[in-house]
Structures are given as structure tokens and as C-alpha cells.
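Only one chain is shown below, in C-alpha cells, and it's the form predicted on its own.
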């Protein structure tokens, strides 16, 4: 009997489908995505890859908002997610009715939302940004004299606000993974590894960001491990990223930044429970059955596409 990965590859080929995977899903899904002609990347690049390839079906190994982003950019294609229950705390913390009312209360502000949001929230926004593009977009808007309403991640928003000195009103969402990093424990770890480079994703609390040698998006952190001179790195983001980091820098030592507090049962628990819901088994089942299809109202899709297109044009 053929292996499950061989079965998935055969199903992808038969259905003219492509597998796109986020850096935070399991190593086996990342390997499978690349071996089968897909991609491993951040959420926006996953969606752009799906848009630009010839596949009729995009299979998303990630969380729900990533499937929605893929559908927004490829409304004519079928988009499937591996588990319809796999969501994101940032998405969940920013429900459209409450968010829309908040926007209405501050109608003088330009609405900028992070990619980790629902299609409805993206449709309500003026701009959609990624962690890699947020600084440049906000600087651009500030130079135009714009005041900004930012959602949903308060830590990323605070980082951008501090770096740009823009007038920003922040929605108070956070990522359950990055929220757990502990600055005092990280400082102790740094003391034990004084030559290590500290790489931090800006969804982390300010006290953790303050200890970083480099703050950046998933892609920026991977590139830093490859390009920086340090031989050891302490990484403050989801540990799913370690697979790609080991691929690009196999001889470097990677250490997870600590999340442990009082009574913790692990030193670092930095892995998203929703990303962990993506498995080879539900990948095969989803492709075979066509279940977990993403559908978005046409008007919502069109509005959200405009918000994303602004970013794509800006970064072109």
C-alpha cells in the first residue's frame, strides 16, 4: 500500500489541486507542500501563490483566515482548509459587528488591519497589511497626515506605533502563542547564551521585543537565521518555524524562547493549537471529499480584495 504522502500527491494531481502550507504547520506538511509543487510561506504569499498557479483547487494547511485570504485573491477557484475548526485568536478577538461599530465611532481614521483577520474585517478596512509590510505602510500613511485605526494585534500595533510615531488607535487583540513569551525568563536565557542572536516576532509583548537583536516577520526571522553571523539563535515565535530555519541553516543552533511561568509544565510551549490541527490524515480526507470549502459573500470578497490590492500595489 502506498504511503499517505503518496496518496495525497496522487489526489492533488487528480483534482488539479495545489497544497500551500504555513511555516507554523508540521514539518511533514511543509515537506509535502514543496514536494508536490506547492509552497511554504506566510499567509499572503500562500494566497498569491494560489492565485498565480494553474491549479483549480487551493488546499490550505493553516488556519481559517488563511483559507479566506486565498479565496479573496482567487474567488473563481475552490479553496479548502484541512480543519474548519482551525482558527486564530486574533481573528476570534475581532468580530465584525463590534469592529465595525468601533470603526464608525472613529470615522476620521484610516482603518488598517493585519492579515490575521476575517474576510468581513478585511472588507471593512482601508488597508490590509502583513507583519513584514506594516511599518512601511503606516509610515506612508503617516506621511500623508493620516490618523490610523489599527486591528487586531495590540502588540504588533504598539511596535509599529513606537517605530513610526504615527497617531494610532489600537484594537486590543493578541496572539495566544506570542502573548506567552516571558521577558524575565528570556533575559535569563540570554545570560546563559551571551553570543546568541535573539529573534522576535512583533506579535510578542513589548518587554520581549525590547530584548531582540532583530524584530521581524516569519520570513524575516528565517532569513536572519540564514544570513546573520551568530551560530546560535533564541527564537520568539511559533516553533513550527524551526523546520524551515533548519533547512536554510542546518549547522546553526536554535533555542526556543521561554514561555514558562509559574507552574508551567513545559519550558517553552510556543505552538499554536489550531495550527496543530492540520495533519496528513485530514489533508488526504479533505482533498478526497472536497469538504471544508471556503465560501465568501461576493460583495465582501470584492471589498476585501480592494484592501489587499492596496498592499500588493504598494509593495510591488
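Positions refer to the first chain, counted from 1. Remember, predicted model here, so these are calculated numbers, not experimental data.
There is another form of the same protein, the form predicted in complex with 1,3-dihydroxyacetonephosphate; it is not shown, and what comes next is about it.
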If we take heavy atoms and a 4.5 Å cut-off, which stretch out of 187 to 195, 213 to 221, 103 to 111, 135 to 143 is in contact with 1,3-dihydroxyacetonephosphate in the model of the complex?
213 to 221
Since exactly one of 43, 278, 286, 30 fits, which has a heavy atom within 4.5 Å of 1,3-dihydroxyacetonephosphate in the model of the complex?
43
Does at least one non-hydrogen atom of residue 116 fall within 4.5 angstroms of 1,3-dihydroxyacetonephosphate in the model of the complex?
yes
I'd like to check something about residue 122: if you look in the model of the complex, is any of its heavy atoms closer than or equal to 4.5 Å to a heavy atom of 1,3-dihydroxyacetonephosphate?
no
Please determine whether residue 178 contacts 1,3-dihydroxyacetonephosphate in the model of the complex, using a 4.5 Å cut-off between heavy atoms.
yes
Which residues within 173 to 205 place at least one heavy atom within 4.5 Å of 1,3-dihydroxyacetonephosphate in the model of the complex?
178, 201, 203
